[in-house]
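Okay, here we've got a single chain as structure tokens, the form predicted on its own, with questions on binding and movement later.
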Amino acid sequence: MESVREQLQIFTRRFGLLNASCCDECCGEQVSMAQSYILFEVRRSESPSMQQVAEELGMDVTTFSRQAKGLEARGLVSRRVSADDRRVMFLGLTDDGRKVLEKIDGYMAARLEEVFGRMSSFERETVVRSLGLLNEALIEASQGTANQKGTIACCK
């Protein structure tokens, strides 16, 4: 299994998932990786609660709240109080938030095309199918444990 871990570590490092912030060539906004993930999840979940996004990303609520406030201060997300429970806050993307996310999406699509362009269509399909299988297995392996769903790392 050490070779699997090694390959995952190398992939993460080469893909740039550990970069502290998004670079100017990406969106020109200096959006941190955590903030990029938050924007993505807010769009994906369509007006999720702050708790829901924090749980999905495996972030503690205090850290998440600080990140969300930063995004709100920059005009990238909006927060609204639930009509049913005033303790619950829902997040939404602002027009500026959608624009930043579109820039990030475009940058990532181009980078992925550059990578996948070096593979045959069969290899691309195999990688995509394998990533889906890996994600499903991560969820199954973490069920019934204290870990965030779908994670296997010993630290968050």
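Everything quoted here is computed from the prediction, not taken from an experiment. Don't overthink the numbering: it's just position in the shown sequence, from 1.
There is another form of the same protein, the form predicted together with the DNA; it is not shown, and what comes next is about it.
Visitor: Using the partner position in the predicted bound form, report whether Arg44 sits within 4.5 Å of the DNA, counting heavy atoms only.
Guide: Residue-level check for Arg44: no, no contact with the DNA.
Visitor: Are any of the heavy atoms in Arg118 no more than 4.5 Å from a heavy atom of the DNA in the predicted bound form?
Guide: No, no contact at 4.5 Å.
Visitor: I'd like to check something about Val88: if you look in the predicted bound form, is any of its heavy atoms closer than or equal to 4.5 Å to a heavy atom of the DNA?
Guide: Result yes; Val88 sits at the interface with the DNA in the predicted bound form.
Visitor: Does Val61 make contact with the DNA in the predicted bound form, using a 4.5 Å heavy atom cut-off?
Guide: Contact with the DNA, yes.
Visitor: Would the DNA in the predicted bound form be within 4.5 angstroms of a non-hydrogen atom of every residue among Ser36, Thr94 and Arg98?
Guide: Answer is no for this spot.
Visitor: Along 39-75, which positions have a non-hydrogen atom within 4.5 Å of the DNA in the predicted bound form?
Guide: Contacts from 39-75: Ser49, Met50, Gln51, Asp60, Val61, Thr62, Thr63, Ser65, Arg66, Gln67, Lys69.
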